[in-house]
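Take a look at this single chain in C-alpha cells; it is the form predicted alone.
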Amino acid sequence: MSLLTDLLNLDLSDCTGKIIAEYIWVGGTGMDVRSKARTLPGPVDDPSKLPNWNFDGSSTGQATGDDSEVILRPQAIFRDPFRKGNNILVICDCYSPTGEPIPSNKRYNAERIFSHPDVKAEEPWYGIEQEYTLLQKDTNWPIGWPLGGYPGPQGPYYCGAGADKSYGRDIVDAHYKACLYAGINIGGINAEVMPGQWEFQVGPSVGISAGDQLWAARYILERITEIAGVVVSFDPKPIPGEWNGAGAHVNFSTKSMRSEGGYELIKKAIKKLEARHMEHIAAYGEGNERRLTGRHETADINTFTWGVANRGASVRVGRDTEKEGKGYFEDRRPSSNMDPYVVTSMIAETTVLCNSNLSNGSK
C-alpha cells in the first residue's frame, strides 16, 4: 500500500513538463458528475486554450448508441487538489457534433442570461449554501446513526462538536481545504441540524462562475467521499419524518441592491419572484415537495412568503439588510439537488429581466 501511495504522490515536475487535465461534466441525470483525464503538453490557465474533447454519450444517458459522440467544451479551470502540481480540473459543458447544446447542458442557457447587457451591468452576486448528507456505503444510512436505528432527536447536532454529535468532520475539513486549494471561493462549512448532514458555502461568486464553482466543489466532494468509502447524498429529504431536509439556499444581490436605496429594489425583486413562484419551484430540484412542507425551517411548497429574519419563509431578508437599507436576500426554496446553472440564471432573469404583472407580497 505504501508503494501505491508513493506512486500517487509522484511529483511529475521532476521529470516532465506535461500535465494532467481532468475534464468534468454533468451527466444525463442532471446530478451525476462524470470525468476523464488527458495529458497536455504543458500548463494551461485559460479554458479557451484547452482542446475540445468527446465522450460516449450513450453510456451517460446523453446520446443514442447509433450516434453517441458528445463534445466537451472547456469552460472553467481549477487547480487539481488530488494530483497537485500544475495539474488541473476542467469544468466542461456538452454539445452535439454539430455544435448544438444537448438537452442536459444547462450552462448554455445560463450563460446566455448572464451575458445579457442588463444582467452584466447589475453584477449579480451569489452565495450558495450547499447542504448534503453523508451515508454509510453499504446501507445508505447516515453515518454515525445506529444501523437500522435512530440517534437522539435534533437539537445538539447543528454546529455541534463531540463524538456523539459530529459525524464526518474529517471528510468535511478535507473537502474545505481541497476547495481552497482548487481556487474555489468556498466561504465556510458547518454541521447541519440532522446528524450526518453538513453544509458548505460557495461565494460570493459573480454570474456564471457561481455554477462553475459549485459543480467543481460537488465533484471534489464526490472524489473525497469515494476515498473515504462513504456516499454523499444530495437528496432533499434523505430521512423521512422529524428530520430536517437538505437545501441549497441561494443568497443573491445586484449592484443596485447593494447600493443606497437597495432595500426597495429587493422588495420589488421579491414580488417578481412571487409572481413566478411555481415556475421557480418546478426548476428548483427533484423531490423538493418532500422537503418544502412548511415544517423544519421551510415554507410550504405551494405558498410564497417572505420576511425579515424568517427561516420559515420562501425568501428571507437579513436584519442587516433591513437596517442598512441595502444588501441581499436569501431564496430558501432550492433543494440540495438543484442545478446551480438553472437556479442562479433564473433568479437573475426574474429579478432583472422580467417585468411581469406583480401581485402583493406577504410578509
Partner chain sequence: MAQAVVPAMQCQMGALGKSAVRARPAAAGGRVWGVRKAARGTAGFKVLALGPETTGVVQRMNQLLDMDTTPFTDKIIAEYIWVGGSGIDIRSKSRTISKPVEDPSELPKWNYDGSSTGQAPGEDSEVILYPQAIFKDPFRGGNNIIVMCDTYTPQGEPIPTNKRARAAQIFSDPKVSSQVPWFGIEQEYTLMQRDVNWPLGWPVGGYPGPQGPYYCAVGSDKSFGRDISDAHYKACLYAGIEISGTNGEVMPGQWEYQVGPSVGIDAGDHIWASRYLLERITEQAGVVLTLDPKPIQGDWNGAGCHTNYSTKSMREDGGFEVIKKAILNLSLRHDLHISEYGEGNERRLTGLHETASISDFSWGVANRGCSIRVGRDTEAKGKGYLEDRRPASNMDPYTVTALLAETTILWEPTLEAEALAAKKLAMNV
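Positions refer to the first chain, counted from 1. Everything numeric here is computed off the predicted structure, so don't read it as measured data.
Another form exists, predicted in complex with its partner chain; not displayed. Remarks below refer to it.
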Could you tell me which one of 100, 264, 173, 260 places a heavy atom within 4.5 Å of its partner chain in the predicted complex? 173
By the heavy atom within 4.5 Å rule, which residue out of 270, 77, 143, 119 makes contact with its partner chain in the predicted complex? 143
So, a 4.5 angstroms cut-off on heavy atom distances: do all three of 34, 36 and 153 pass it with respect to its partner chain in the predicted complex? no
Please name which of the stretches 232-240, 216-224, 270-278, 119-127 has residues with heavy atoms lying within 4.5 Å of its partner chain in the predicted complex. 216-224
Even though the partner isn't displayed, in the predicted complex is residue 316 close enough to its partner chain, meaning a heavy atom within 4.5 Å? yes
Contact flag, residue 282 vs its partner chain in the predicted complex, heavy atom cut 4.5 Å: no
Taking its partner chain as it sits in the predicted complex, is residue 111 near enough to touch it, meaning that at least one heavy atom pair lies within 4.5 angstroms? no
Under a 4.5 Å heavy atom criterion, is residue 289 part of the interface with its partner chain in the predicted complex? no
Residue by residue through 13-52, which ones have a non-hydrogen atom no more than 4.5 angstroms from its partner chain in the predicted complex? none
